[in-house]
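Given as structure tokens, the chain that follows is alone and in the form predicted alone.
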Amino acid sequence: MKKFILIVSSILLVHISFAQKRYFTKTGIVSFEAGTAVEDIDAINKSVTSIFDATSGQYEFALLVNGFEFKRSLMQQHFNEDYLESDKYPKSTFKGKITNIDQVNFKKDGTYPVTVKGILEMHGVKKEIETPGVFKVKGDDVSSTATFTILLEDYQIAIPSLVKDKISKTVKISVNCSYSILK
């Protein structure tokens, strides 16, 4: 009887551990566009950390604000010092859930539309967002993409009147992550 209980317990533990498959990356990419017809303003951050649970749909990412790279160093300096105040607010995070994770078959290669909903924290402000995205499964590798737009005023990011024609009031943010199974 003890042997039977031990075998059943082992099977349950193995099943539970497989059911909670998590994926991770330290090399995710977040880019944004905030330019106008007067000036191109865009930047990219290639050091985004992200994790998600394929069973529960829990999804998180974090990045260092000063990790954004601009084409011109003066833009990068103004971004960090004047607009995002990266010394005061060094990180941006998202914590949420893939609401339809059950529609992604991680055992079958394919492209799966998803919806992500959660709290985006930036510049010390937390705001709920919801956006469509795409998961691509190829073997054990999973990638995700999403694009959404935010209003700078929602995150208390002020644009001085001197440059108001150069910086858009809305920012298009793109997220692109390639994940591996977290072991």
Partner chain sequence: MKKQWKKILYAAMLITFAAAGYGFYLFNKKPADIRTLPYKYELTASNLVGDFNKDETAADKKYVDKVIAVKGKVSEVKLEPSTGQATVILDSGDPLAAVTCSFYDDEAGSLKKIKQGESIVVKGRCTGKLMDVVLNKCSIEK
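Predicted model, so just to flag it, every value in this text is computed and none were measured. Residue numbers count along the first chain shown, from 1.
The discussion below concerns the form predicted in complex with the partner chain, not included here.
Residue in contact with the partner chain in the model of the complex (any heavy atom within 4.5 Å), chosen from 34, 63, 116, 120: 63. Taking non-hydrogen atoms only, residue 26 approaches the partner chain to within 4.5 angstroms in the model of the complex. Among residues of the shown chain, residue 46 is one whose heavy atoms approach the partner chain to within 4.5 Å in the model of the complex. Taking the partner from the other structure, the partner chain in the model of the complex has no heavy atom within 4.5 Å of any heavy atom of residue 103. Put simply, residue 76 is close to the partner chain in the model of the complex: some heavy atom of it is within 4.5 Å. With the partner omitted here, the stretch from 145-153, 65-73, 52-60, 121-129 that lies within 4.5 Å of the partner chain by heavy atoms in the model of the complex is 65-73.
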